[in-house]
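What follows is one chain in structure tokens, specifically the form predicted on its own.
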Amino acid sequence: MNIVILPGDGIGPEIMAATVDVLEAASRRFDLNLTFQHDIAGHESLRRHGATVTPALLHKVKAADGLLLGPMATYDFKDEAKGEINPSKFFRKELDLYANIRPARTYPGLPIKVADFDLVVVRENTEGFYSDRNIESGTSEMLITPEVVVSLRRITRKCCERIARSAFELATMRRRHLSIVHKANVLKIGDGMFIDICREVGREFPDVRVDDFIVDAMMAHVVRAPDRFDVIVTTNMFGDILSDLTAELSGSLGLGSSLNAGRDYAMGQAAHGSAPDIAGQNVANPFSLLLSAGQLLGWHGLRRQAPAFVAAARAIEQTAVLAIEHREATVDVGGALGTVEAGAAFARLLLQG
């Protein structure tokens, strides 16, 4: 498996270095024969090439088996005419990465304020309220007058069907329970169609139990009893918010992994931002990106019917549990290690099996 490595901005290079070390350990233990192509995106690419991402980089990513993207300073990138393109958005759109898979779970030894849980948010990734991916050219957010802005949301049958199918397929591999999250009481046409299509696809999976929740009520349900849920499927913006909430409920957003997957391509990506305020201090938690890398291996293994990659993905998840339980982690999750040391400890535990 050939993986393109883009370290990113801020803490990105630090947590990416730790992640590559762990991937190399996984490759040795499971005989994966991983290879890496190191390149740049974000601020470093803007300085060198005049754009945060380049056509040559996209070509390289399409030729590879997967992409690992470090956190990017996306808020800094405001003018695409000046090469300031959001790399995360760029790859999601250009590679048609329509499913954002965001697991969240509790960890033994890490204090939390809710019941133990293990769930996955499956978020539609290519349309919804996100104005930068709704139309072919430009943006669907418009300044009508200096004091009036109109933002359009796009919902399509195609995107609803494929995200629903991804969620149901995942539910069949877990506890066979799927929850649809929506705002159909207000967005009657768009979210009404989303619910109808999800239930229509669900008829192909009769052994999966299906329920649905209005998004604001869902936030309360997840905080009160996250153990009620297994797989949650929802539209883009609702999933963005809900997945950050569930990651934080697990103990830290630094534990929130993220896989952006499509039919032909996938991108592992830390769920958090570039945190420039702590860059270079050896304090950033690498677990979000480590776990995302594990998801990328699992996606490749399922797609290529390669059990060793699925086993490696599972081992990375189990190693995260072990590392936190033994406090071989960064301070934010109960340990006392720096970024480098936490990555090295993770790689050691992974190799020990």
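A quick note: this is a predicted structure, and the numbers were derived from the prediction, not measured. Residue indices: 1-based, along the sequence shown.
The discussion below concerns the form predicted together with a small molecule, not included here.
Undergrad: Quick one: in the predicted bound form, does every one of 129, 134 and 239 get a heavy atom within 4.5 Å of the small molecule?
TA: No residue of the spot touches the small molecule in the predicted bound form.
Undergrad: Could you tell me if residue 254 has a non-hydrogen atom within 4.5 Å of the small molecule in the predicted bound form?
TA: Residue 254 belongs to the contact set for the small molecule.
Undergrad: Since only the chain is shown here, I'm wondering whether residue 83 would be in contact with the small molecule in the predicted bound form (any heavy atom pair within 4.5 Å).
TA: Looking in the predicted bound form, residue contacts with the small molecule do not include residue 83, since no heavy atom lies within 4.5 Å.
Undergrad: Residue-level question: is residue 79 within 4.5 Å of the small molecule in the predicted bound form, judged on heavy atoms?
TA: Outside the cut-off, so no.
Undergrad: Determine whether any heavy atom of residue 278 comes within 4.5 Å of a heavy atom of the small molecule in the predicted bound form, and answer yes or no.
TA: Result yes; residue 278 sits at the interface with the small molecule in the predicted bound form.
Undergrad: The small molecule isn't shown here, but in the predicted bound form which of 243, 269, 234, 125 has a heavy atom within 4.5 Å of it?
TA: The residue in contact is 269.
Undergrad: Just give me the single entry in 273, 109, 262, 192 that has a non-hydrogen atom within 4.5 angstroms of the small molecule in the predicted bound form.
TA: So the residue touching the small molecule in the predicted bound form, by this definition, is 273.
Undergrad: In the predicted bound form, which of 150-158, 109-117, 246-254, 200-208 comes within 4.5 Å of the small molecule (heavy atoms)?
TA: Residues of 246-254 come within 4.5 Å of the partner.
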